[in-house]
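Below, in structure tokens: the form predicted on its own, a single chain.
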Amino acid sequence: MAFLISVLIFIPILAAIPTFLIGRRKGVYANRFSLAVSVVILALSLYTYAGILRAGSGAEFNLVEGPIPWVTGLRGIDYYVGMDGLSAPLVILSAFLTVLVIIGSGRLIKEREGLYYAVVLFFEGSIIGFFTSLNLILFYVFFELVLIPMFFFIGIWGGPNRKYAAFKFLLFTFAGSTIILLGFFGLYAFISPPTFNITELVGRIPLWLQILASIAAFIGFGVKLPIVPLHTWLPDAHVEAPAPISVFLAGLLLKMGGYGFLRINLGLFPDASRQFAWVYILFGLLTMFYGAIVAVTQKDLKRMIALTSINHMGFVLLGGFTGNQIGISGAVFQMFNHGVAIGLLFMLSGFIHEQAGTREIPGLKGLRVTMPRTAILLIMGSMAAMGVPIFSNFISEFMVIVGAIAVDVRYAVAILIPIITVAYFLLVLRRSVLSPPVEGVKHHDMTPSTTTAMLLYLVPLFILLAFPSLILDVVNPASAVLVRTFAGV
């Protein structure tokens, strides 16, 4: 189907305008219209993904559009998009989470709804554009466009300190992306003939230029992932953002960093990545341990979940720079699994806060009695985040750890991370679900329809546990290409 990727990108962006106008009349209409648009985008993305899966063409770019000259007078600035085994799962994740965010927002967002749902669709189109860009300038443009809706999400619909959190988010992420752009300009200046097209740059960049550009990319994508110590914007942004937007923030925005490391650092700078892989891996391990240990000390449920995202994104950095197929494929699989599991936990934190009036873990006693449906979902979401072997999260974490040990047995220290993760989730469940309720306290539990909507987050994790090939058969060919590039073959 010609121009299908452009449809996935620009239909949500263009639909933002009528969504805003419809919402000025009645907010619920904006919710329904945006939901209809997002369901169509999900269906089209599944259709695209199924084609790649059937053809076994994850190693190559599919449905390529371009390169079409974009800026006249400057060579290599083109509209150029395509989808391969690295980007296809993340496009599916983007479309899936957008549907669930819109469903969940119907209950939690009650002001300026037309603008809110318009910005949601703008975000969806922008992030799909980012994951499918094959030109570095186009890549950067979508990288920046995603910042705009997230800034407004936090700044308009966030909590009491939303302005501080929104500007801190913008400052950190904009600074990181500016550094990335400088690296891209360096490539353009020293490559002859000059180009920004990713497919034309592969294998043409000298080592000294790879090292300089990879440092710039490491800083920029490190802010987005985020790695320690570039992570400090994340807890504040999550705490102040409304729960549905935290789903976007952890489920998709952080994946931009992981995808950037794989697509740009590994794909374009393989010699520099091979030479400094141990540095990336150490930062990954540091990020994993820091996120896990600090999460144990948190009393705010949402802040604790935010810090677990830092922990889990460390797996992506660790797996990616093992340079072997099981590690790289595990990193991509981990991004998908984490995006779904963490989405459920953040939506639950919003619902619990709405009903109980607090997110303080010591104040959430006896949920199994006061909110039994919510308690069951919290247990299941925590089990997914812990990597319990009834969810596909277990497979991706296992793959990353095996890939790391294959590089150096000393990286087996990563096995400690799931143990710490289990510890803090069990601590939360003991304090909130298993503790006796406060006498006289009663909360409204989820309705059956809301419970069903929440369960949708878990469906992919069950399916992919039984059939991980649905993801890995698309990812493995693309990761095999990265392995060969990384090895210099």
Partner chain sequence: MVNQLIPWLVWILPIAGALLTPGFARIHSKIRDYFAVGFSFASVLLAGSMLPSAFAGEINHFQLDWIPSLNIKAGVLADPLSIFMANVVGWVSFLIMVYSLGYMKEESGLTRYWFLMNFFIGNMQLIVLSDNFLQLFFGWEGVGFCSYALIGFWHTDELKYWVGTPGKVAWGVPQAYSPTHAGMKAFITTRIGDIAFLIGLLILFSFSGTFDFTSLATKTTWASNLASVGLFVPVALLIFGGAIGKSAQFPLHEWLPDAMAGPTSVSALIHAATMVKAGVFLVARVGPLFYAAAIAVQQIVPLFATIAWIGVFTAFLAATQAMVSKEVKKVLAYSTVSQIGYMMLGLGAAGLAVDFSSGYSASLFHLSSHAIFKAALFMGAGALIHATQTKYMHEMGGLRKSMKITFGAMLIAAASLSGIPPFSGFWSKDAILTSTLLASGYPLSGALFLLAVVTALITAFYSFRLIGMVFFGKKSENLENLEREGHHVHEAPAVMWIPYAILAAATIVIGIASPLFFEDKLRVTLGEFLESSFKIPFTQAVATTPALISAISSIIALSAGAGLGYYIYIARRIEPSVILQRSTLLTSVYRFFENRWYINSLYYKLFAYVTAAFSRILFSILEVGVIDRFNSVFADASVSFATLSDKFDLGIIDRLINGISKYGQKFSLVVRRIQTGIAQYYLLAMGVGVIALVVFMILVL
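Positions refer to the first chain, counted from 1. All of these numbers come straight from a predicted model, not from anything done at the bench.
Not on display, but discussed next: the form predicted together with its partner chain.
Segments offered: 95 to 103, 356 to 364, 247 to 255, 383 to 391. Contacting its partner chain in the model of the complex at heavy atom distances within 4.5 Å is 383 to 391. Taking the partner from elsewhere, Thr232 is found to have a heavy atom lying within 4.5 Å of its partner chain in the model of the complex. Shown alone here, Ala36 lies farther than 4.5 Å from its partner chain in the model of the complex, counting heavy atoms only.
Although the partner is absent here, Gln298 sits close enough that one of its heavy atoms falls within 4.5 Å of its partner chain in the model of the complex. Mapping the unseen interface onto this chain, Arg430 counts among the residues with a heavy atom inside 4.5 Å of its partner chain in the model of the complex. The candidate spot formed by Arg32, Ile198 and Phe276 lies out of contact with its partner chain in the model of the complex, as no residue has a heavy atom within 4.5 Å of it.
When its partner chain is considered in the model of the complex, only one residue from Leu207, Val202, Leu416, Leu282 comes within 4.5 Å through any heavy atom, namely Leu416. Contact with its partner chain in the model of the complex, defined as a heavy atom within 4.5 Å, holds for exactly one of Leu456, Ala59, Leu63, Val422, namely Val422. Residues of 282 to 318 placing a heavy atom within 4.5 Å of its partner chain in the model of the complex, in sequence order: Tyr290, Ile293, Val294, Val296, Thr297, Gln298, Arg303.
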